[in-house]
Every structure is written in C-alpha cells, then in structure tokens.
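Before any questions on how it binds or moves, here is one chain, the form predicted alone, in structure tokens.
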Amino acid sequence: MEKKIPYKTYLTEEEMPKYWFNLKAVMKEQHDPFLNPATLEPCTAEDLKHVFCDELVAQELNTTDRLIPIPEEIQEFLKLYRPSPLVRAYHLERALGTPAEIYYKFEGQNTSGSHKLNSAVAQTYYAKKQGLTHLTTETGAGQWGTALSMACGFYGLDLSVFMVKCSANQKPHRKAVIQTYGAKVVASPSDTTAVGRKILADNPTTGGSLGCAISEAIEVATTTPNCRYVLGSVLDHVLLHQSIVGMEAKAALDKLGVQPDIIIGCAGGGSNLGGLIAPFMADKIEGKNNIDFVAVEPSSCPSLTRGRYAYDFGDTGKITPLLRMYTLGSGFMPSPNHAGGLRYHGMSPIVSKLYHDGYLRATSVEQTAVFKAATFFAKCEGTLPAPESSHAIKVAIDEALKCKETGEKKKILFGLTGTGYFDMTAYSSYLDGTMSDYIPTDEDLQKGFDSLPKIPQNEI
C-alpha cells in the first residue's frame, strides 16, 4: 500500500537552511547591470551605498557565491516562525476531483501575515550592524510595511513607511499594526516631500502607486542623517533572502520523494516567486529537471505579459538607478480598484531575465476570478489567503482541472505567501458584488511606455 503523504511536512530547526541561495551564481547569463541615470554607466558599489546599506549592496552585486551564509543572529530571529510548513492540499484536490497532487508552501505564520519578514529581518539586521538609526521604505498592500516595522521594532530602529494612498484608505487596520510596532505611516503621494508635492500637482486625485511611494521614501532616506532606504521586492538581494522559502520547500519535498512538475507563484515585484523557485530553477538551468515555472500577475498591472523589456526607473519620480526589466513604465498608474498588492510597474531583473530567456512563463488573471478562487480555497483548506497569493491559487486550480480532463497526475506546488485577514474590505467588495475588473487598454499602457527613458540602450 502506498504510504500516505502527511498533510503538513515541517523541517526541524536543525534542518532549517543555514545559507541563502544565490541564483545569479548559476544563471548562464546575468541580467544587465543597473545604470547610473546621469552617466548611463553601470552603477558602482559606491553609487548604490548612498541609498542602500553596505552589506546589501555587496549581496546585490554578488554573482559568484552560490551559497551565502545566514548570520546566526538572523537565524535565531527566523526560528520564531520558521521553518514554515509544506502542506498537501488534500481537501482542495478532493473538491476539484483532480488526480493532480497539490502542495503549497505556507508563509503566513507570523504577525505580518506574509513571507516579507524573511527579508525585513535581514535588511534591518545589516542596517543595525552598520550603525544606522533610521530606515525608510514604501508599502503597497501593507505586508512589507508591517514586516519591516516588526523588524525595526525588534532592532530599535526608527522607520518611516510611505504607504500607497489607496491601500492606506482601504486597510486602516494594517496601518494600525505598522504603527503599533513604532513606525510612522504616510499615505503616498503626500505633501511631506518635494516629489510627492509634484506628483499631487500633476494628478491631485491619484490613489498613488508603489513607484510614487518609492520616490518619497528615497528622498527622505537621502536627506536624513544616518538613514538608508530598504526595499521589499524587485532587487536581487531581496530575492536572495527569500530563497529560504524555496530551499525549505525543496528539502521538504525531497523528504517526501516528490519532484514537482509545475511551480506557481504570484508576481508583483518578484520576491515571492524568485525566492520560491530559486533552488528548483538552478536545477533546471543545470539540466536536472524540466519543471514548468509559472508567474501569475494581475491583469490590471501586467508587466510581464504586456510590458516591455527595457531600462526604466524604479520609481515615479525618476531618481533611482535604471533597471533592465519587464516594465509598464514608471509613469504607469495602476487602477485604484485593484484589491490586492502586485501593483508595481516593473518586475525583478532576475525574474525578467529568466522570463526573457524562456525559463519560465507568465499569465495574468482578473481580480474577480482571483477572489472566486480565494473563497473556494478558504472553504476547502481553512486558511483565508492573501489576495496576492490567490493569484497563484487561481492558476493552480486551473492546472489541476486540466489534469482532471487529461487524467495526468501532475504534482503542483504553489506559494501561499500569506493570509488575508487584513484584506476584508477587498473580500467584502467581492462578496457584495461591487468589485470590478480593470484591464488597461493599449492606450492606457502607452502612457506608461511614453515615460520610458529615451536612452541608446532602449533603442536596441
């Protein structure tokens, strides 16, 4: 008789990864370098250290070390909520009537309700070690702001969080949690910064965007003594910290003797997806598997599926280095009715490069379909999923139903990045029928593309 796989598989504390996995050390080609917008030359470490912590800059530029040790102090903090479980979704499988095996890596077992704490604690640790006293950041749906406020509260650093205005209005309780941990929350765009005032002058009714909030956070970081800016997604060092998710998932699946056929992750800036797939993708690059990797993004902010692969600013105010990525243009303003996160105009350079080179595919889904999948999942598995994670749930269900039609017994893994208990306004909107879908027209997207830098590198 075949041995039954347990509902939940945990690693022991001793089995928890002691290293982060640096996918760049395995990639056959690196993504293009960041460019200094003033000179259009590759950014040096010194260029980046004006904005970011020194050790994070070193990690950002590291393309050679496959494994990077996790400091013991960070490991001790991570043990407060890690290792996180790998869950076999038996109830979901039965409800779908699928022969597929469905697994998910659940990252919601901390107060922030998401995977974001994995990088927040690392970045704050390095800031404290450097002797900094203040950090700034942006947050969209609020998960990153919550996670960073927790880490800063633990390490005793001051924190200013610029929260996308429509999210701040939709999620007052998320704002309250951030404030509980001692951080200051500013709805963005605001009149507290020069770039915020300019954005409001150009568009007084805007609900904001991550690009706007990044601009404000960087302005404050670069004009405040002993302060740096930290980011919760997109950059290489953030994906590095999130690789602990994929390494735990792989170790748990190896324990079970399971090799996934499909791995699915939601994709906004790329931190969750990049962290989940890192060790599996390395094996694919080295010819050890042929896993189908799927990035799922909202139809309202479709950077991979409808964006352009170009150099672009990471922020609306155009003060960051230039990143080569799939982007809708830093001037793109996502619809304020989008109820999840995943609002960023661009995609991680690592994820963008992998997608461009054909190592993964991407799809976009509309938000009413996402919330339909989320409520179905909640009824089956008992956990109320975050709207962001529910993008992955939607496609996992679709893939499982394809297996029902074909009879294939594929093994599906997706990332459940967190819980949706701070997202009840969005759930209420779906349940009372007031939620609407928004898909930008080609004309809408063109406005964002028109904001792309006119530089020789984008003429290629």
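All values reported here derive from a predicted model rather than from experimental measurement. Residues carry their position along the shown sequence, with the first being 1.
Same protein, other form: the form predicted in complex with another copy of the chain, not shown, and the subject of what follows.
request  = Spell out, yes or no, whether the shortest heavy atom distance between residue 128 and another copy of the chain in the predicted complex is within 4.5 Å.
outcome  = Because no heavy atom of residue 128 falls inside 4.5 Å of another copy of the chain in the predicted complex, the answer is no.
query = Applying a 4.5 Å heavy atom distance criterion, does residue 133 contact another copy of the chain in the predicted complex?
reply = No.
query = Applying a 4.5 Å heavy atom distance criterion, does residue 15 contact another copy of the chain in the predicted complex?
reply = It does not: once another copy of the chain is placed as it appears in the predicted complex, residue 15 has no heavy atom within 4.5 Å of it.
Any non-hydrogen atom of residue 307 within 4.5 angstroms of another copy of the chain in the predicted complex = Residue 307: no contact with another copy of the chain in the predicted complex.
query = Which of these stretches, 52 to 60, 428 to 436, 396 to 404, 22 to 30, has heavy atoms within 4.5 Å of another copy of the chain in the predicted complex?
reply = Selected stretch: 428 to 436.
task = Report the residue, out of 110, 160, 243, 299, that has at least one non-hydrogen atom within 4.5 angstroms of another copy of the chain in the predicted complex.
result = After the contact test, the surviving option is 110.
request  = Could you work out which of 253, 291, 378, 319 is the residue within 4.5 angstroms of another copy of the chain in the predicted complex, going by heavy atoms?
outcome  = By the 4.5 Å criterion, the partner-contacting residue is 378.
task = Check each residue of 8 to 23 against another copy of the chain in the predicted complex and list those with a heavy atom within 4.5 Å, in sequence order.
result = Heavy-atom contacts to another copy of the chain in the predicted complex: 8, 10, 13.
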